[in-house]
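Consider the single chain below, provided in structure tokens and representing the form predicted alone.
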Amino acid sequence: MSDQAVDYHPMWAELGLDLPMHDALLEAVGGMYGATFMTQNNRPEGTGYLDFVMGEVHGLRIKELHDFRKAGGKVVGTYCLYVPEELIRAAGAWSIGICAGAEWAYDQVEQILPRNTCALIKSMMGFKLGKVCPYLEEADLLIGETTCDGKKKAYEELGKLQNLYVMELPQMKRAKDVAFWRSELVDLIAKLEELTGNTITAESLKASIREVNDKRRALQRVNAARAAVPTPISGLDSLLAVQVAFYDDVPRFTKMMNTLADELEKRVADGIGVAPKGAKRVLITGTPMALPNWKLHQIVETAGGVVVGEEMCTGSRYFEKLVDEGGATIEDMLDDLAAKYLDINCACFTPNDGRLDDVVRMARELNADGVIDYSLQFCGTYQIESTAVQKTVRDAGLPVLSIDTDYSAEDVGQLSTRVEAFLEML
């Protein structure tokens, strides 16, 4: 991370952060970022924007949110892809993804939640209890969703600490489930209008759908370039781009990602890559990797492989499908939003054959040599679905490695040995 030219401590104090602990967190993440990203070779120049954003991750971006709220704006924090950013922006609010990718304040969390709760949920609670996440403190409203029982029950506890609204996500994709999900979007509109004092109009919703689709299109361009041999961008930088997409300013991020995509397409034409042509290419599928969880990508790419795609919520599921832009009325656009968002293939759904198809399709499109199926420990939905993923990938003639881990560094040595052996086998 870059050195901060501005002292943001007064702003952080105003937000009620635990300043000594927050300083310790920034120092730890900054050191991790430098060791992980700044040691890479031949990075595209466009990744400098991501370095800048991360250097100001709790600085300039928080000040933008802070100033927006002081001017009367509202900030909405979300924990999942199923919460439509389009509706939040159409109401005149800003949407931010809430950080939950590092171990923090687990001693406090385990007084509320069981020890054998998945790292994503424990981190979600730890950042709040530890008072180290300014994004949480800037949020006027948090929106949760019932994607798993652990999150659903943890939201009950989180809701005692902050203004929180939970959307009920159906677990199947029948016509009546789509209709129910659409009704949840209608209820969300009422909640957002109450929060902001603004009315969502057909004009504001149509504009926000186009704006968020443009962000997805930019990420589609970045990730399409990864199919080239050699790939022009590392898996680490590609993952980081999606992680940043959750909380950066939308028009600015879209512009910078299109600039990066221009550079990557030029690199592909010139045959410039970040790894040798013989580097083994890996597709990762599974549990989302929230900022700053870069562990598995770093292990793969340090071992000489290259990650060419992510079939996960911090990957293709975030950007690969667009909302239909043809709707003229709010009713039409709600139909389009409901259809798009319920078409995300999270492991909470049953059946979930679409995800299995996506893994094989992406592996072939991205010229992957093998697949790593990644699950966080105690994430029952992804751990159980791992059986079907492994069988589907093997039946397609591709090698697969299954990994269960958490956010700690304790198993890095063991995982490195397993990944190195997998790459050698490829």
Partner chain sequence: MRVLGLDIGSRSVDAVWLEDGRMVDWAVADSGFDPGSAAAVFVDRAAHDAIVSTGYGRHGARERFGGTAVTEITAYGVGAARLFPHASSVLDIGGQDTKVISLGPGGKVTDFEMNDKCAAGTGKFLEVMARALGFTLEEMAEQGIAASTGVSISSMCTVFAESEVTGLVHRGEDRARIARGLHESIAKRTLSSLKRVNAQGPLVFAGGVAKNPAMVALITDGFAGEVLVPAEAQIVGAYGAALSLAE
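What you are looking at is a predicted structure, and each value in this text was computed from that prediction instead of being measured. Positions refer to the first chain, counted from 1.
Omitted here: the form predicted in complex with the partner chain. The next part is about that form.
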* Does at least one non-hydrogen atom of Glu424 fall within 4.5 angstroms of the partner chain in the predicted bound form? -> yes
* Answer with yes or no whether Arg394 is in contact with the partner chain in the predicted bound form, where contact means some heavy atom within 4.5 Å. => yes
* Asked: Is Thr417 a contact residue for the partner chain in the predicted bound form, using a 4.5 Å heavy atom cut-off?
  -> yes
* Asked: Does the 4.5 Å heavy atom contact test between Leu401 and the partner chain in the predicted bound form come out positive?
  -> yes
